[in-house]
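Next up: just one chain, as C-alpha cells, the form predicted alone.
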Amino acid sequence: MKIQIKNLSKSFGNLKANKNINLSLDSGIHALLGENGAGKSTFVKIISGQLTPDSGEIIINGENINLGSAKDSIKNGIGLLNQDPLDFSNLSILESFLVGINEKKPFRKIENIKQKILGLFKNYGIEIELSSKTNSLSIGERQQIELIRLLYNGAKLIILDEPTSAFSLEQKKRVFETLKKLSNEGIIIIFVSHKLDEIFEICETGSILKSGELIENITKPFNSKKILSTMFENTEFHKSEQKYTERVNKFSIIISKSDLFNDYKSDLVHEYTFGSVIGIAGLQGSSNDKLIKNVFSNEFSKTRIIKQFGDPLKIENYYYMPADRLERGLFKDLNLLEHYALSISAKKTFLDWKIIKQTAIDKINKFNIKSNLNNSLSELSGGNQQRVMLSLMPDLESVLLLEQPTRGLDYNSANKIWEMILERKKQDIAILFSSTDMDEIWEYSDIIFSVSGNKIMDISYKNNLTKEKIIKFVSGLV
C-alpha cells in the first residue's frame, strides 16, 4: 500500500489547523510529532475521513480517495484509533462491534463473528466479556477493542492518535509487539505521540508539525534534543519554587470499608490539611478514576470528604473533571464562548456577554488555549480540550477532582498545567487526581492512595513511600 498526501489544508474560521501538508508513505511505522495544537489531530482526522479539507488530495495506490468520507477511507483500508474512543457507550461490546464491522454480506452469522472477535481478543490478551456494556470499560480497554475492530475490518493503514496514554504497561507492550508484527506484514502505521521514548522504541521515520505546517521529516537514529527544539519554541522548563503557607484548617476523608483491601469492620477516617494534593495511583483498568468520580457522586461507595470529622458543615463546591473529554466533560458542538457562558449561568440570572467575552479571552491567554472564541470544542485538539476543562475550574474554595489531568498533553503543556493546579493549594480544600503515570503521582502528590483493581491497597504520605512500593501496591503485590 502507498499513500500520498498532497497540499492538504484546513482552517476553522481564522485558525489555520493544517497548511499545505505533503507526505508520502509506503511502509513502516511513521511518527507524527508536534506540540498540542500543532495540527496533528486535524491531519489524521482528514486522512481517516472524519473531516473534509479545504484543499488538497489523498492518493492511495495511485487513485484519489473521496475526501471527508469515513466510509471511503475504511473501504480503502484506512483505520483510526482515536484519542477518545469512537464507539457506542450504551451498547454492549458485541453490539457496538457489529455496528462498526465492515462487511458487504446482507446477512450475518453472529456466532461466527463472535468466534472471530474472541479469537482476536485471545491473541492480543484481552479478557473482556462481549456482553459487557461499553460504558463500563476504562478508556484503555475501549481503545484496545477499537484496535481489534480495525484489524477485523482489514485496515492496511492504521493511525494511532495518542493511544498509550490510556494503556497499562502490559497492554502497551502487547500493542507494540502487535504493531511491529503488522508493520512486518506490510501495514503502514502512523503513530501520534508526545512520548519520545515510545517514538524511539517503535518508529523508523517521522514528521514534525508546527503551527499546522510540516516543517521537517526525520529518520532513525533520532536526536531527542533536535526534535524538542524543533517542536517547541522553548524547551527549557524551570519549575517555579512555590512557597505555601501551612494552612490551619483540616478536612477528613471517610473511606468506606468496601473500598479497602483488607476486611475492615468499619470505615476509616483520615484527616489532612487544607490544600493537600492526593494522588490516586493505579494501573490502567483499576478503579482510580472511579474513586475520583465517586467522591463527587457517591455512585459506587460511601467514601466521601467532609470539612472535619464531626463537623456538620457540608462542602459547597466541587469541580469534577472526567478523563473522557467530549463525552462527560464538554459539549462538542458548543463553541468556547458558550462554554464560559454556561459556567457563569448557574450563578447569574442575566448574562453580560461583554464580561463573558473578556473572561473567555483572559482564560484563553492564561491557559494558552489555541482556539478562537467561535470554534466548537470538536474542532480543538485533545490537548486544547484538556486546557479548556481546566480553565473552567471555579474561583471559589473547592475540592478539585481531576481524572488524568495531563492525558494527551505534551511535556511543556503538562508542566504548565501542573503549575496552575499547584497554585490552587493556597485556596482549595483539597486536590484529588488520578493517574497511571507513576512519575506524575510521585512528583505532585502529598498523599498517595495506591489502588489495585477495585480496592485501595495503601494510604500513605509520600514521605513514607518509595516509587517501588507504590508499583508493588498498584500491581497487587502485598
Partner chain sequence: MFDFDNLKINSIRLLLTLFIIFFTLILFGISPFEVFQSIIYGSLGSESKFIRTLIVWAPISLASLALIYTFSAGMWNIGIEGQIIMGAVGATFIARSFLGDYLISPYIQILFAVLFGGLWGLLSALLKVKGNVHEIFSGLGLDFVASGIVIFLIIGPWKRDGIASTGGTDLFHKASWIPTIGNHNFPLMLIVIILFLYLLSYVVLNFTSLGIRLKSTGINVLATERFYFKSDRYIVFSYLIAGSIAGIAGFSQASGAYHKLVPSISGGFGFLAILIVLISSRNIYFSFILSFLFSILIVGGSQLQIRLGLDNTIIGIIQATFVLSWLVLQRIKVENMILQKISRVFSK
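Numbering follows the first chain given and starts at 1. Take the two forms, superpose them, and find the largest set of C-alpha atoms that agree within 1.5 Å; that set is the rigid core. Because the structure is predicted, anything quoted here is derived from the model rather than measured.
Keep in mind that the form predicted together with its partner chain is missing from the display, and what follows is about it.
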Interface stretch in the predicted complex with its partner chain - options 173 to 181, 331 to 339, 195 to 203, 111 to 119, non-hydrogen atom within 4.5 Å: 331 to 339
Contact flag, Ile208 vs its partner chain in the predicted complex, heavy atom cut 4.5 Å: no
Exercise: Pro394 in contact with its partner chain in the predicted complex, heavy atom 4.5 Å: yes
Its partner chain contact in the predicted complex: Ser252, any heavy atom under 4.5 Å: no
4.5 Å heavy atom contact, Val269 and its partner chain in the predicted complex: no
Partner-contacting position among Leu351, Ile215, Leu130, Leu91 - heavy atom within 4.5 Å of its partner chain in the predicted complex: Leu351
In the predicted complex, the one of Ile148, Ile74, Met321, Leu283 near its partner chain [non-hydrogen atom within 4.5 angstroms]: Met321
Flag for Asp352, CA shift 2 Å or larger between this form and the one not shown after aligning core: yes
